[in-house]
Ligand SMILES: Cc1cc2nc3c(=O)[nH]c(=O)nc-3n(C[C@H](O)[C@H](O)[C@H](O)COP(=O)(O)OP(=O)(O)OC[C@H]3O[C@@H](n4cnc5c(N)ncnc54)[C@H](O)[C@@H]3O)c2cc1C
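Have a look below at one chain only, the form predicted alone, in structure tokens format.
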């Protein structure tokens, strides 16, 4: 019998099932971030939420929802247009749970006003935990939340929809929104010929007596079984945001034809559709010609969710790696006791600590933005920067965690292949890397003094950490470059690292100095396990990452 293979009641040197996990209590970085960003009163409810979403039942629903992707039903048996999307029951279960937790609306009041602090931080904590279990069904949570402010700026019918949004009732029925207890809102901006250049949209919006008629095509439309969609279309005054309901005001099905569902690399539980509007009815949201501004205000929220979601995916991958290595024996010791593996795991844990600190401090800025110009500028500047840094880091991070499981990590029966397919999406959706870097440069161009004031605040908050002065200088040098676009990625990455260091320091994180020394000063390699952490530092990071 081969050495190391066990028989009888043992598990052949395999780690046990990783189920029934307390996603809140086992995550010290999350608990610290909740306290540091003044949501401590939410702790008891977050603990119950973490136990619920960490249950094996939820993991099984996540597996089933991804192994049984949605199907387009374009026609019925008689050849009449149907244009519906069918989902597996587990997808509906996940949506019911998330809507029941108000992930789609908890940061808004019934009148479309922002909810009081710490609504953003509390929602981010729940969103982060849910993303660890199943990320795909969060698409309608993201788009619905982002649509509330535009709805409030629309006609009475659009504003009335907010009352249907801010409920905890999931109603998947295909019928007019007025007849439903709860609704979700999707989003359609991207066109085949334009892509990122949303101003180049050719979908037309022609005014009518009671609204607009929409004709054109959208290459991607998110959450296609939603009850209405925020769509960008060209009106006489320029790009305009409109709301296209699934049913016309007279109760008939609106003229929205689904061409196909996208065959996506990941995000398989959810649907993204290619659609044609054939004289569809719509209401205008905001002023004609102001659609790009309306959409970009939504995108600030969706980008923040991308950053939180990516942090959640990273945490999920780290937890899988820690669990496996603590139970796997190799060369006479547990894998987690081997120095090389410990170095890798510690570096991964440090990345998660920084990502969590950054996104939760950003959520706090959203909470405070209504009362503070400085916090509003933090939101504007650091949302794209956080999305850039964290979403870019996630795919390589998950790949490293996958390697910690060896061949088992590459097998579809486990969770890591799904996390790996899921990881790239947040770096692409809601503005790819170059797009968000250009947005940072536009903000710099329009609000230079305010941007530099944010950088100065971050520098002050992290002033006692190693490498901060050099990082600040590199950000400013990139901003002042003769060709700022060429230096934009460097500027945004260093800005995000500075913001993460500041978030760790202001939350009194015990790993702030480690992060600054290894990420700001640098000197290590490009891969995990090369930061030169001492054994004591490694032990501290791994103990924080997941108590045994």
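Note that the coordinates shown come from a computational prediction; the quantities given were computed from them, not determined experimentally. Residue numbers count along the first chain shown, from 1.
This next part talks about the form predicted together with the ligand, which is not shown.
Of the candidate stretches 338-346, 434-442, 460-468, 158-166, only 434-442 contains residues with a heavy atom within 4.5 Å of the ligand in the predicted bound form. Mapping the unseen interface onto this chain, residue 222 counts among the residues with a heavy atom inside 4.5 Å of the ligand in the predicted bound form. Taking non-hydrogen atoms only, residue 425 approaches the ligand to within 4.5 angstroms in the predicted bound form.
The closest non-hydrogen atom of residue 190 lies within 4.5 Å of the ligand in the predicted bound form. The closest heavy atom approach of residue 114 to the ligand in the predicted bound form falls outside 4.5 Å. Using a 4.5 angstroms heavy atom cutoff to the ligand in the predicted bound form, none of 150, 212 and 293 count as contacting. Among the residues 272, 325, 226, 474, the one placing a heavy atom within 4.5 Å of the ligand in the predicted bound form is 272. Note on the partner interface in the predicted bound form: the residue among 289, 414, 172, 194 having a heavy atom within 4.5 angstroms of the ligand is 194.
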